[in-house]
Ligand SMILES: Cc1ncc(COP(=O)(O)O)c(C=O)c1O
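Only one chain is shown below, in structure tokens, and it's the form predicted on its own.
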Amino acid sequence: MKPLLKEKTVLEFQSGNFRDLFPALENNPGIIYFDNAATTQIPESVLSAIQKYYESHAANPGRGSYDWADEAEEITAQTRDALANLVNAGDTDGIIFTNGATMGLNMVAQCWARHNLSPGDEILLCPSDHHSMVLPWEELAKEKGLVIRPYRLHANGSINLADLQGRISHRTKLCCVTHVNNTAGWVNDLAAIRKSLPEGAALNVDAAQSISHAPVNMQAHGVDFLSFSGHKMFALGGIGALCVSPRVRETMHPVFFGGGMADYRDGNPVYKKMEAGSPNMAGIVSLKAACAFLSGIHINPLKELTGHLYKRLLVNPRIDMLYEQKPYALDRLAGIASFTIEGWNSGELGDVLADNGIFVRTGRHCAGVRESVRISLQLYSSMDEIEKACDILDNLSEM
């Protein structure tokens, strides 16, 4: 069969011309894609890996004694290894495949907290985080009599560490933290948060927005649970991972039961009792290829792009940023800016930008914040694209 996709050269990849590595962007040169916090585009190296798998040896891992099944098993193991290296998990035993960050965050509540927390135990939580982080704990707290201790953010969207520390008590059992808030874009200091917690408290991190450019170092940061989605790191939708540290693995209990679990025993890798049924092999293949793509990035312009975006937005007197940012702190932001413009609702602004080929997010972004427009960048974004979007915003007439 003739290859569906052509391979880019290493030279092209290392040159920083990232847009040409993504077929959807290369095939739509008039589109500016600024909705990367929702989902990233997929590079052709990932698409090629999926195509090759299904054209040459698609099979179910661990379900046969033939070469194709062995190959699928090897790909699965290699993907766990790649993810463990990406987040410095230490080993692969705690790398659990999920269908995305939402599933991983819910598994922390259902597979760990339900079995290990008692009435009156306390959970530190930020109410303005993504609903996938907040709602599972609100529901479990009502059911089990747990206490949610809400902590605040600073005006710039970073975690208010002093406020968080003030909520800690001898009943604190879990701290839920978003590494990069999906509306603020601030990269939070996980090491400082871990240091402030009691030794016995677990640290639960949502890394959905950071996984593609600021991966969490689980061992160095003392992270116990780490959740992320493939479709925010250049892989397919419907795949992700929950990474679990050694100290909490044996206290986890499955909520799904089925194939592959009958022979589980204590001491086996925890993923063997958490992954019932046939795996999402297309997603797993895409995760492996996405990790390879990320490891090959030597030039990442995201920091410079973020700084330029904010500097352009902050000079527009009509723009009201969802979070207050100062020019000297822009290097702590990760490609996300949320704002409103006087006289326009977010949907209207989104329509105007879309009419000009600029795709952004509008609304509340699945978080406990007011409606806004969200621009979210990736390594294939450019200064020229930012200029075009900001020029349109600068020249909006009053409605």
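Residues carry their position along the shown sequence, with the first being 1. Keep in mind that what you see is a predicted model, and the values were worked out from it rather than measured.
One more form of this protein should be noted, the form predicted in complex with this ligand, which is absent from this view; the next part is about it.
- This ligand in the predicted bound form comes within 4.5 Å of a heavy atom belonging to His231.
- Contact check for Cys111: every heavy atom lies farther than 4.5 Å from this ligand in the predicted bound form.
- Residue contact check for Val360: none of its heavy atoms lie within 4.5 Å of this ligand in the predicted bound form.
- Of the heavy atoms in Ala37, some are within 4.5 Å of this ligand in the predicted bound form.
- Heavy atoms within 4.5 Å of this ligand in the predicted bound form are found in exactly one of 179 to 187, 269 to 277, 82 to 90, 314 to 322, that being 179 to 187.
- Taking a 4.5 Å heavy atom cutoff to this ligand in the predicted bound form, the contact residue among Thr306, Thr102, Thr76, Ser212 is Thr102.
- Contact annotation: of the candidates Ala235, Val223, Cys243, Ala208, the single residue with a non-hydrogen atom within 4.5 angstroms of this ligand in the predicted bound form is Ala208.
- In the predicted bound form, just one residue of 131 to 150 lies within 4.5 Å of this ligand by at least one heavy atom: Ser132.
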